[in-house]
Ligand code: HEC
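Below sits a lone chain in structure tokens, taken as the form predicted on its own.
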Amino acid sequence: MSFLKLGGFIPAVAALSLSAALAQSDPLSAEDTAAAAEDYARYCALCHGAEREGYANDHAPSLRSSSLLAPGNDLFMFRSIAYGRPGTPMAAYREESGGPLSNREINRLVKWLYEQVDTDPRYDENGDNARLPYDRVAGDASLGAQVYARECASCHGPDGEGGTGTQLANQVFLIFASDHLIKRTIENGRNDTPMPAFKDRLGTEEIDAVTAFLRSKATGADFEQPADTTPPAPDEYVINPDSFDPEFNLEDGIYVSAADLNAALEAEARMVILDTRATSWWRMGHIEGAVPIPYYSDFDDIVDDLPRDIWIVGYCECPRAAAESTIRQLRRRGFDKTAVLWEGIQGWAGLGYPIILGEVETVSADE
């Protein structure tokens, strides 16, 4: 695997424009605070935890971490929520990418996250802006490659593909993380994660070199996001509507294996398949015939569109958290013929079962 040849970082004018919007010193109103808290509970808590503690599902990081909520990270966090993190279960939540949130709502959510900590790290003790600059860090990328291989590859992978550590060959990360954000993370580590601080282990020259090496793997300023795709209408939810019901042997009364689901699909059994991820992931690719019903849906509003006498199988990315949450919501509403795909779509694809790939469109990083 090689690093994604995508990225660069946000042009300074665009970055500072959005950063200025995030940096408005006026605190959120009581109404906006309540709305942001509701958005967090609906869209984020499943993976990041009800109290922002992290690691509830999908190895999602703590969102009360001082190293994550560091100066300069508010812009990075906005972009990560908006466009997702390819190579991780983090979906794109921006409306234009197929998600449920407007730019204003994402802005409000990011500001809310910073307001939940005792001291806003974006400002110093005098209340002055303490954000990191957006200029390049000068370093020897060839030296950085050597240091990366020695110090970083065991966790982040020889080519940045990830492992126990975050995937660094990640188009959104390489586009939206400034050089100084990368450098600060190397220096100080990420608290509440296995990522250690290297400031006492590496010299400034070596840290600058690793920063330059990572930046050298990003060229250009565009990336791909899923194109708008029309999901099935309610009268199209049922696959093979005139066929027979599958016979599933559910593990623990809820889980169906990829092999059993694939066998039912190949036999052209009738069923409904729910893609419970954010719709942006469904646009990228899905099991053929799957209907995007995200885990954050208002289930009281959609139950009339779903059949109660036909098997409904849900899947997600991680592999089961969103799907299990969705299926249990349906079971509480009387949908008994329901199941969760044990392996999730990543496991499904990894086992060689087919998926339908969606179309993508190129987006400029300053949009």
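Don't overthink the numbering: it's just position in the shown sequence, from 1. The term rigid core refers to the most C-alpha atoms you can superpose between the two forms while keeping them within 1.5 Å. Here the structure is a predicted model, which is why all the values come from computation and not from measurement.
Same protein, other form: the form predicted in complex with the ligand, not shown, and the subject of what follows.
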Report summary line: Here the chain appears without its partner; judged in the predicted bound form, the stretch of 305-313, 328-336, 46-54, 27-35 with heavy atoms within 4.5 Å of the ligand is 46-54
Query - Sole residue of Val137, Ala264, Leu202, Ala258 within 4.5 Å of the ligand in the predicted bound form, by heavy atom - result: Leu202
**Report entry** Partner-contacting position among Leu75, Leu274, Ile287, Ile186 - heavy atom within 4.5 Å of the ligand in the predicted bound form
**Finding:** Ile186
Query raised in the report: Does Ile254 reach the ligand in the predicted bound form, with heavy atoms at most 4.5 Å apart?
Result: no
Requested in this report: Verify the contact flag for Leu214: yes if a non-hydrogen atom of it lies within 4.5 Å of a non-hydrogen atom of the ligand in the predicted bound form, no if not.
Outcome: yes
Query raised in the report: According to a 4.5 angstroms non-hydrogen atom cut-off, is Asn107 in contact with the ligand in the predicted bound form?
Result: no
Query raised in the report: Is Leu250 close to the ligand in the predicted bound form, meaning a heavy atom pair under 4.5 Å apart or at it?
Result: no
Query - Candidate spot Leu68, Thr88 and Pro196, all three touching the ligand in the predicted bound form (heavy atom, 4.5 Å) - result: yes
Query raised in the report: Which residues within 140-165 place at least one heavy atom within 4.5 Å of the ligand in the predicted bound form?
Result: Glu151, Cys152, Ser154, Cys155, His156, Thr164, Gly165
Query raised in the report: Any chance the CA of Val210 moves 2 angstroms or more between the shown form and the other one, core superposed?
Result: yes
Query - Exceeds or equals 2 Å, Cα of Phe198 between the shown form and the other one, core fit - result: yes
Report task. Inspect the rigid-core superposition and answer whether the C-alpha of Gly285 shifts by 2 angstroms or more between the shown form and the other one. Result -> no
